[in-house]
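Presented as structure tokens, the chain that follows is alone, the form predicted on its own.
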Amino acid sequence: MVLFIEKIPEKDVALDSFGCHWQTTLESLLARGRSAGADFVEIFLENVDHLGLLAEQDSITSVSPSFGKGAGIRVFLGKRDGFVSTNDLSANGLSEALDKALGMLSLQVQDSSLFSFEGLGDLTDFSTQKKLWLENCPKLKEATQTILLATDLLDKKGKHLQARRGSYSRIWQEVLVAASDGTFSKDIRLHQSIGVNVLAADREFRSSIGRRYGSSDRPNDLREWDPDLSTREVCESADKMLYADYVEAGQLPAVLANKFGGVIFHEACGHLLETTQIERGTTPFSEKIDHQIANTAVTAIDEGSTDGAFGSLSMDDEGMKPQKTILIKNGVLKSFLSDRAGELRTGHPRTGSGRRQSHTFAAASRMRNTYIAPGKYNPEDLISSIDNGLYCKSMGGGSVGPTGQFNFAVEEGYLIKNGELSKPVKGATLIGEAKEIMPRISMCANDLDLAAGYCGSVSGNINVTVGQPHIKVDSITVGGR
């Protein structure tokens, strides 16, 4: 048994980096929270360095560097919790934040000079091989040159372009998690993303196409990115869509391409498999474990371990190593994504899915790399099985309702006639509801691929990966003219 005095030590908290020197301070805070009657106390420390660049036409129009450091403190009493964040990492600042979180649950530190607490274990340090990542990333000048090269290539390869944009984001994050169950873990994360977008216009004709590329834990990612290939793909798509006819609305079979096509599963179904949705009572799948919710062709997975994928991580924001979670197997619901609060309130075991944008948010169950598993068909098999339908080569923006109703714009689409791709069409919107569409995914191809994206939810905006092989939906509502 380790004993701690009520006054939290001052000497440890002034150091720049997080590590073992924080142990005494954190143990004192955790003991203080437990002595007040909290069942569980968690402290999340964050140090972040962000660089954002935006190029429009041939100029850099925005440079957005930012730095931050802070703590998020969460306490539980039964199934209730209180959360407070602070940028004040002094002993007094952390103690005041803890007391405010306790006060949310009507808890108060007792007038006692001694607290008892078992203490933290040895630090689990995932950052050992990552300490030079920030130093090895492209600096401002190099990143600027690369993004300007991309907008210049868009100009050279594109036709009728009214706007050309390139963007770059680099987020380096150091985190330390300590909790009253003995959790004591540290990690360094690195995420980089590049975006290219064009708007083409000729008289009354318009087309807008964009692509985003992203990775985790790869300092050289911007240097290894192929701007020639990426800009050519975007310009070719914009050119094909510029003079395309508008699609007619109706109920059609559709083939959705791989990579970012997986955004529909992520948004319309994936969120409904997070325990936060069970807590809110907004998922139709809450009582469907071991029940058929999709076609037998569908197996869906969420994991955080694919090398370099945008949603990968060595530990989640509650200090747990990410697991590979089979959400749906052959159409049968097998698991939900759960964080600490989700396990407490719903009974579904944690899956290493507790994630947050920053220290200003409490962790919640969130997706990481989420995708439909590959099947046995070639993409051509899916297209050839349709007499009259729609091929969705790339998806754009959309919206999703709380229980899985969705509508997503098709950024690049083609009609399917007699089993072959026909003319390009634009203005298509896919409309549906998760519980209705999942049983209609009847074929999955063998060409699984992933795409980077950002996801906003209760714990902020986080980096994720979506993905799938080509899939066939037997019938879906297509909005158009």
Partner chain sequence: MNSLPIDMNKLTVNLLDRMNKYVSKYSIKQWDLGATASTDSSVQVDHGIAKQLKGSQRSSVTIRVWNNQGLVGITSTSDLSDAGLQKSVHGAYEASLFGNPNESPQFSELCKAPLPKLERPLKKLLGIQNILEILIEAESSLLSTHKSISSVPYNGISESNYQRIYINSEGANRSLNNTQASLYLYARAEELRKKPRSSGSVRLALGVEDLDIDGCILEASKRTISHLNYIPIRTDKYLVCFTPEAILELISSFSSMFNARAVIDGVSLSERDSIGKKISSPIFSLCDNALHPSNIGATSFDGEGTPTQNITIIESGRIKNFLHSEATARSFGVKPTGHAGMGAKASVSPDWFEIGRSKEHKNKTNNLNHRNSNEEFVLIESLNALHSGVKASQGSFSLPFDGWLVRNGETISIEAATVAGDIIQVLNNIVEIEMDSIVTHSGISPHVWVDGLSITGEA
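Numbering follows the first chain given and starts at 1. What you are looking at is a predicted structure, and each value in this text was computed from that prediction instead of being measured.
Keep in mind the form predicted together with the partner chain is missing from the figure; the text below concerns it.
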- So which stretch, 24-32, 425-433, 37-45, 444-452, is the one near the partner chain in the model of the complex (non-hydrogen atoms, 4.5 Å)? 425-433
- Query: Within 4.5 Å of the partner chain in the model of the complex, heavy atoms considered, which of V332, L105, I171, I326?
  - Reply: L105
- Task: With the partner chain left out of view, choose which of N388, N378, T86, T296 has a non-hydrogen atom within 4.5 angstroms of it in the model of the complex.
- Result: T86
- Message: in the model of the complex, does S338 come within 4.5 Å of the partner chain, counting heavy atoms only?
- Response: no
- the partner chain contact at P374 in the model of the complex, heavy atom, 4.5 Å: no
- Within a 4.5 Å heavy atom cut-off, is T477 in contact with the partner chain in the model of the complex? yes
- Message: in the model of the complex, does G195 come within 4.5 Å of the partner chain, counting heavy atoms only?
- Response: no
- State yes only if every one of S59, Q162 and A409 has a non-hydrogen atom within 4.5 Å of the partner chain in the model of the complex; otherwise state no. yes
- Item | in the model of the complex, residues of 66-88 near the partner chain [heavy atom within 4.5 Å] | S66, F67, G68, K69, R74, R80, D81, G82, F83, V84, S85, T86, N87
